Structures are given as structure tokens and as C-alpha cells.
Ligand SMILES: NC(=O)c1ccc[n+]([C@@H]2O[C@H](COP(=O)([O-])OP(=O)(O)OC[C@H]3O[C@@H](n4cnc5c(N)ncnc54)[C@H](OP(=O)(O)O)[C@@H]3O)[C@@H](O)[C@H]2O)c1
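The chain below stands alone and is given in C-alpha cells; this is the form predicted alone.
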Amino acid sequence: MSLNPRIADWQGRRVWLVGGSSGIGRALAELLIRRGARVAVSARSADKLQSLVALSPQVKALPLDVNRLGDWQQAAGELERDWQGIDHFIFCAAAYRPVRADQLRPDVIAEMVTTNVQGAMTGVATVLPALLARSSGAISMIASVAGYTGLPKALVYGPTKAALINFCESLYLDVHPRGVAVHLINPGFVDTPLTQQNDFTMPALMTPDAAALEIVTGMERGDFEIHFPRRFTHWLRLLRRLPYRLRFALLANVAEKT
């Protein structure tokens, strides 16, 4: 049984996608455009957004910094004026650096926490009142399997994604009875500018296009959690259920190789 309404058709659906200049976000924007959605795409880089605008007259560029409240308010106001609101909000923006304990610094912490947690929550707070007023729509958040359990080199990134997982679970309980869907997206390793910082082998590495297809298919099914690739994520989901003694022993071997 689906936890959210199924999406049968994207034609004309008003989607606001934040973090669409590269990686999963860009691939997702391109896929939704091909399926007929009206896509407002946001990122800090206005130049990168213009190449998406060139793909369809149904695309709108809304440059913004997710850490500036004024940017959110201005973009939301523009969408309300031009499109009379949105049907679907997708948050793909993220900051990432591989961090171990001897690399932990306040500036690194602030960068990831403000973008990945505060930015995401601010985006939801911006769009949610209108969705609740209409008793319809959807919110989709890209977290990560790094939020399932503590992992090597994920000392800051992992906790930010764990926070998003918890946030989406709590949000679903509040808004689902009021007609708003919530999708929690937990990708494994995807070949993006962020993961290209990693200096270790990434199991089951996917292309952004393959990840975008998994996400859209999961939304269409009405899934709450969309996680992929399953051959990797099932292993991690099992790992987080193990007692700490066993879990830490297994992850210690991984840490030595990274």
C-alpha cells in the first residue's frame, strides 16, 4: 500500500526544484521537463540554470542561496504571482566534504549544517503554508543513506542527512492527514561533483540519470522512502539494525580502507 498518492501524469504539474544546477538535481530537472512538468529550478549559479531554461518554455529560473531567507521569500512570491503556486517542492541542494575527526573544523560544520539542514527546513517552511491551505501537493527531500548510521569520513555530512530523515518522518505525520505528500529520498553513491571529492571506491556507483529515474519512479508509486540502488541500500539498512559491537567491527574494516 502506498503511503502517498500515486502520480499518474507530470504534464503541467508545477514543480519547484532547488539545487538543480548539477548532479542529481539537474538530471531530475531534465527528466521532469521531458515528462511535461512545469519546472522552476533554483541554485546559486544563475548561468547554469539558463541552459535548463533553453530546454523548454515551461522552465523558469529562480536563482537563490538556500541560506538567505530573503531569497526564499522572493522566489516563492514570484511563483505565487506567475504560477499561482506550486504542486511539488523538491529539495536537492547539498554541501559535502569528507571529514574525519582530525579534520573537524567550525567552518566545515557550519557550511554543511546550514545548507543541508537549515536550508532544507527553511525551504519547507516557505512552501508549506500554501500547500496546507490547498490541502494538496508534495514535498520531496534528498537525504542520503549516509544518514542511516555513522560511517567513515561522514562525521558532519552523515548527521545532517540523519536530521533530514528524522525531519521527513515527523513532517509526514503532521501533513499527510492534511493532504500533503512527503517523499524521503535516500540515494547511495551517485557520480556527481560532490562525490568526486571521495578518494575511495564507491560501491554500486550510479549515474545521475539513473538516480533521477529511480526518484521519479518512486514518486509515481507513491513511496514515502525512495532508496537506491537496492543491492547497496538493503545492506546498509541491515547494518543499522545490528548491535553496536557487530556494527562497529564491520565498519572498522571499512574505515581502514578509506
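Everything numeric here is computed off the predicted structure, so don't read it as measured data. From 1 onward, residues are counted along the sequence shown.
A second form of this protein, the form predicted together with this ligand, is not displayed here; the remarks below concern that form.
Annotation: in the model of the complex, residues 20, 23 and 67 each come within 4.5 Å of this ligand through at least one heavy atom.
Contact check for residue 157: a non-hydrogen atom falls within 4.5 Å of this ligand in the model of the complex.
Contact between residue 140 and this ligand in the model of the complex is not found at the 4.5 Å heavy atom cutoff. At a distance threshold of 4.5 angstroms between non-hydrogen atoms, residue 120 is out of contact with this ligand in the model of the complex. Within 4.5 Å of some heavy atom of this ligand in the model of the complex lies at least one heavy atom of residue 93. Of the listed positions (32, 219, 40, 43), a single one reaches within 4.5 angstroms of this ligand by any non-hydrogen atom in the model of the complex, namely 43.
Annotated contact segment (heavy atom within 4.5 Å of this ligand in the model of the complex): 183-191, selected among 183-191, 98-106, 132-140, 74-82.
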